[in-house]
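Presented below, as structure tokens, is a lone chain in the form predicted on its own.
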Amino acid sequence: MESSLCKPWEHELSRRQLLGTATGAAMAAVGLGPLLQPTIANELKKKNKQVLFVWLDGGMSQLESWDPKPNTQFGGPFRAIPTSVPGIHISELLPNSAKQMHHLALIRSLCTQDNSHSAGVARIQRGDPKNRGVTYPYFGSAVAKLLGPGESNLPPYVWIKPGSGGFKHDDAGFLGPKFGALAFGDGLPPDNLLLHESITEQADDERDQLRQAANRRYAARRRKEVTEANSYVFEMARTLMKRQDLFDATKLDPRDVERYGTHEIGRHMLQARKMLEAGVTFVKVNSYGWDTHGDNFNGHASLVPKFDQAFGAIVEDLADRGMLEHVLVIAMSEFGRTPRINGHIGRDHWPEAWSLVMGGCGVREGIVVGQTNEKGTFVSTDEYDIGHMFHTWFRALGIDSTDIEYDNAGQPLPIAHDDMHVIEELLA
């Protein structure tokens, strides 16, 4: 069992589409919209599905969150508390999430493979498809490709994170850089987003027309994937220039700021709500520092309440606004933490038995799927890998992962691991 502390750099991070019966939004995103029957297309257009993906980087402990084992050998000092669903208990560090449990579903039987950050982060966020010699997209890029930007025309995949921002094309894998993440460092807009005072809007429009003409000439003899991404960045920048309100903290309700928390994850989660309200398809919120190899209990006593405050607030708000009907909410890490406590009073990496929480679009509310044994060391029911989760998430979004495929320059590729399947119990 690994007990050494992690290093800082470990955290840095179709052809059959014509036959599919998945959501029309997915088909429109890959250029198949005109092939849909008008009545189907119109109905599906009304349902702009979205995703809130909360990534707790480093590995949240399932024992200090969703699967507590109080008064057991490895249970730790925290109690389990009742939730809004009779019979379901979670850690006392999550009182706000407990009040929202009737909107949520827990899966306590995840059993994945990689116990290192360098492998686990990428594997979990890509769904671990079979190795076909290509780099698969992260879940955010996959959703951006399959669902598109919706009616908002805002970037379909945004990432709100501590530290620096910018365009993160690596997430897109073989889909091409166009489907990468636009990261807002500390929730702030990209640099130089405002027009210089010497440039009028008319002059800027004329400059953009010239750019488009030059770009068409440039693109004529070059790879489509590269030129599309280049043009896309300019178009997204122009869209964001008109949406400065998304970054204006002065317009936030002080009561919301207080409810979500003035700490980092609170501010970023409130920013995520604004992005979802504006129509962004996929919003990822990152929180770092969860790798508690040392002083695990004090670490989680500090980290979990901040997450809980922000997470409970956004679930409550999405429910009150009727947005959970079309927003899929997921909160997770790359793995869980060891039941056994190491010599540093910490918990190490443990992919063998861990948990995540989800809710909203297509998800059954107020349930628990799977369980671990009495000590929390291993899964005692059916084990589920991340490939099962990808199938389940796609189905929740109306995308049939058994019929839809990617087309990688003529190479058909499944969108989720083809040896795995949907977890039907999790879906409404």
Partner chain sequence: MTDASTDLATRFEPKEYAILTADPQVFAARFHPSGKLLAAGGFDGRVRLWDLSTEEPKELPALTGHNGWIQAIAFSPDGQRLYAGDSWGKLSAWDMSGGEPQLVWSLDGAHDGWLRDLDVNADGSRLVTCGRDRVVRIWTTVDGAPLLEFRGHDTDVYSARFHPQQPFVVSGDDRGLVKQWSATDARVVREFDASVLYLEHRLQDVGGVRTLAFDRMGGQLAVGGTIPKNGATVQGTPSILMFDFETGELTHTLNLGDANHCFVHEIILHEEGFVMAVTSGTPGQGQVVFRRPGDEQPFFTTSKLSNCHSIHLHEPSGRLAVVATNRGSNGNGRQLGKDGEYAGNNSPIHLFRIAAALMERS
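Positions refer to the first chain, counted from 1. If you're wondering where the values come from, they're calculated on a predicted model, not measured in any experiment.
Omitted here: the form predicted in complex with its partner chain. The next part is about that form.
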Practice task
Please run the contact check for K178 against its partner chain in the predicted complex: heavy atoms, 4.5 angstroms, yes or no?
Solution key: no
Exercise for the section: With heavy atoms only and a cut-off of 4.5 Å, decide whether N71 touches its partner chain in the predicted complex. Expected result: yes
Problem - Contact flag, R108 vs its partner chain in the predicted complex, heavy atom cut 4.5 Å - result: no
Exercise for the section: May I ask you to check whether V143 falls inside a 4.5 Å heavy atom distance of its partner chain in the predicted complex? Expected result: no
Practice task
Heavy atom within 4.5 Å of its partner chain in the predicted complex: which of A301, L188, A219, A249 fits that? Just give me the one.
Solution key: A301
Exercise for the section: With its partner chain left out of view, choose which of G294, P82, G279, G166 has a non-hydrogen atom within 4.5 angstroms of it in the predicted complex. Expected result: G294
Exercise for the section: Answer yes or no: in the predicted complex, does its partner chain come within 4.5 Å of a heavy atom in every one of F174, E405 and H421? Expected result: no
Handout entry: Candidate stretches 326-334, 166-174, 90-98, 211-219, one within 4.5 Å of its partner chain in the predicted complex by heavy atom
Key = 90-98
Completion exercise
In sequence order, the residues of 335-368 that place a heavy atom within 4.5 Å of its partner chain in the predicted complex are T338, P339, R340, I341, N342, G343, H344, I345, D348, H349, W350, P351, E352
